[in-house]
Structures are given as structure tokens and as C-alpha cells.
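Let's start with one chain on its own, the form predicted alone, as C-alpha cells.
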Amino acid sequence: MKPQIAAGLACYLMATTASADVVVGNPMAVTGPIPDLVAPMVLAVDLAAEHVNAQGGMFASGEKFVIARADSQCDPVAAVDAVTKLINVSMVTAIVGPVCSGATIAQADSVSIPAGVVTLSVSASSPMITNMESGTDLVFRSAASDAYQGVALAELAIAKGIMDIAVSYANDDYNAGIAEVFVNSFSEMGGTVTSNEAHEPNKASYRAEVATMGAGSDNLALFAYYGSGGITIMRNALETGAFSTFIGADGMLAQETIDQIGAENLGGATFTTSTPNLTTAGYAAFKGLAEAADVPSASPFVANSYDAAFMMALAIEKAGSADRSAISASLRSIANAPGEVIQAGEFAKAKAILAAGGDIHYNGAAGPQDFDANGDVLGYFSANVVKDGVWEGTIIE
């Protein structure tokens, strides 16, 4: 039996596996700048694996579907190290994750693409990912690109009557990418960007930066991770009165933002995120399963994380083996129409259809997961404001 590696904050979280198990790597950012966002996403991945194993496991022999977890820390260097060990030491069949765009891009370029291993990210949304793989068909994601979210955020700002805005973005692939889309879209819609500045993460104070940006507008578009500068920027802005209105995206959507800033101070803050359509049958199926397992179904990227893990199990089942080279085509086959619709938790149903030679079409917790030529999916976005001490979202139409 392989030894189980203890879960430390900076250590790898690896499941003890038998040689016959189907092992999938899951490099989640359990430490780093957004651990509160990632924690329920981890639960969703594990829930998908539980559903697979409770319904007969993989293939006719009932092999166990095992998640081998590693900590990518939302950091490119850590992600390369984590995925290298997953692929070369744990010999995983495929990668479900990472979480952050910079980590996803770095490990795919350096590790998973050269190794011929499919990556299916649970939440990486940078537009840079769309064309990064040069025709290898090895990089997919279950959350929509920020090429769409940046436009949705610009439309939301204009709808709110915001016609001038300062922009501050963390100097990383995710935040820089969505900031660029937002700036271009907002300008094309008639808005004026009064300043557009990168900031370095983890500074003790951003008072000088917010004072300079605040000279031109009362509105700030903030693209940052809450745990590596975002909260500090907001606090400094509120303390100095530099801005009264804040908009931004996923990286700020954590309870810690509310706890640190104070709900009473966030009345002028709206942040967008990728979201499932809560009215669909696919989400309803997932919600019931998630609530039974104490998994917060509506939290950011939780549905996407479940979908990624469940789809990977379906793809491997479709391939008929854990052969890495067969995963890409199988993933497209089970995700895209045509085929009998499969919803969250319906692994036994899907397995029976595939065994009989039929086709399936996974209609996920986050909505249909039909991949385009670049491995991207469409999706929905929500606008989130603080209500009764928590973030509450409404789908952007």
C-alpha cells in the first residue's frame, strides 16, 4: 500500500490508492490568497467522487475513482511543482484543476501539455487560456472565460449609471486578463477610464495608490484576490474617502471581505462571478445532493468543481480505461450533444448507457457543459451585493 501523505498547509494531500484505482489529480489552492473560496470547491470535487464510487465505481470491475489532491496555492511555481508530482509520481490519469488562471497556464505549458495529460480546470477564467494549447486539445475548463465576464461587468457598470471609473488590478494572469476585457468593453460602451493601474499583491498599505486613482473618479473597478491585497485596498479607499463605489469580480467574493471591511461599509460594492442558473433542472438535481452532504451549492465555482470531477469520471468511463491519450476525445463526447441527458449524481445511469453502446450528454450543475473548439464553455454570471451580512447574487440577464 502506498503511504498516505499528511495534509499540511503547504503539503500535498494525497489519497492512499490501490494499483487498480483510477486516480485523477486535483491541484486545488487550499492555501494562498483565496482559501475560503476554495474550501467548498474541494468539498464539491470530493462529493462527485463519492457519487461515482457509491454507484459501482469505474468500469465493469468497479475500480475506485480516487482524487489525489495537491496544493497549487494559486501560484504558478507551486502549481508546476504540484502537477509535476501528480503526473510523474502519482501517475494520475488526468488533472481536475487548478483553481487560478496563472497556476493553470503555468502547469499546462510546462507540465501537463508536454506529458499529454488533459487538464480540466474548475474555475480558471483568464481569456489567455482560450488559445494557449496550440491545437493539442488538452486544456478544458468548466467555468466561462472572463472574455464574457469582463463584458458583463462593463454592462453592469453602465446600467448602474457609472460613466467614469478608475481601475486597479493585481499583476497576475487572472486579474490582469479580466481588467483588460473590462477596460476595453467599458470604453467601447461610452465610459471613461480615468486611470488603469497594476498593483503588486501583499503590500501593507495602498494609501498612495488609492489617493492618486481617487483624484479622477469616485468609482473603483477592483480586480484582486481578497487575501493578497484586495481587502487592504478597499479598507484604505474607505478610510481615506477616495472611492464610494466599488465593482469587481470573483477574487473579492468571500465572507472574509465582509468580516474585515464590515457589512455596513459595503453598500456601494458589487462583485460579479460565474454562477449556475439556479432555475434549471440540472442545478436543482445538484442542489439536493449538495445540501444532503452539507456542501454550499450556490457558492462561487462549487457547481463548476463538481461538474469537472464528475465529467472526468464520465470521460474515463467512456474511454473504457485510464489511458491518458483517450481522455480528450471522451471528454468532448460525454459533454457535448447529442446523447441522453445525464445530470449530477447520475453515474450509474450513465454507466449503463455507455456499456450498452449509447451516447450521453452531461447537463451539469452549472448548466450545459458543451465544449467549443478551444475547450471553453458558455455560462452565467451573477452580480453580488451584501445583504444581511452575506453576499447575495442575482443573475445578470
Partner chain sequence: MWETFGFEFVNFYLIPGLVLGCIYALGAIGITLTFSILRFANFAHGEVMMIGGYFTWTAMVLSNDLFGIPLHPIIAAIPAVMLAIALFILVDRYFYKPFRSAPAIRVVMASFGMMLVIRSFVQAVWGPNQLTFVPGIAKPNELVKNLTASVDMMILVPNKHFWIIAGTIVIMLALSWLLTKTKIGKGMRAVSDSPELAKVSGIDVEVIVKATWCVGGFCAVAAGVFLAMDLQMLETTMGFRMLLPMFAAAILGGIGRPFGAVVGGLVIGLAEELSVYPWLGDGSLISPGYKTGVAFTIMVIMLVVRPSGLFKGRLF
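Numbering follows the first chain given and starts at 1. Here the structure is a predicted model, which is why all the values come from computation and not from measurement.
Another form, the form predicted in complex with the partner chain, is not on view; read the next lines as being about it.
message = in the predicted bound form, does every one of Asp173, Leu220 and Glu397 come within 4.5 Å of the partner chain, counting any heavy atom?
response = Checked in the predicted bound form: no contact with the partner chain for any of the three.
query = in the predicted bound form, does Gly214 have a heavy atom within 4.5 Å of the partner chain?
reply = Flag for Gly214 set to yes.
query = How about Tyr226: is it within 4.5 Å of the partner chain in the predicted bound form, going by heavy atoms?
reply = Tyr226: contacts the partner chain in the predicted bound form.
request  = Please run the contact check for Lys287 against the partner chain in the predicted bound form: heavy atoms, 4.5 angstroms, yes or no?
outcome  = Lys287: no contact with the partner chain in the predicted bound form.
message = Contact with the partner chain in the predicted bound form for Ala208, defined as at least one heavy atom pair within 4.5 Å: yes or no?
response = Flag for Ala208 set to yes.
request  = Quick one: find which of 362 to 370, 345 to 353, 33 to 41, 50 to 58 has residues within 4.5 Å of the partner chain in the predicted bound form by heavy atom distance.
outcome  = Stretch with heavy atoms near the partner: 33 to 41.
Residue (of Gly135, Gly190, Gly161, Gly241) lying close to the partner chain in the predicted bound form, criterion heavy atoms within 4.5 Å = Here the answer is residue option Gly241.
ask   = Heavy atom within 4.5 Å of the partner chain in the predicted bound form: which of Ser299, Ser90, Thr232, Ser185?
value = Contact with the partner chain in the predicted bound form is made by Thr232 alone.
query = What residues in 162 to 198 sit within 4.5 Å of the partner chain in the predicted bound form, counting heavy atoms only?
reply = Those in contact are Glu197, Ala198.
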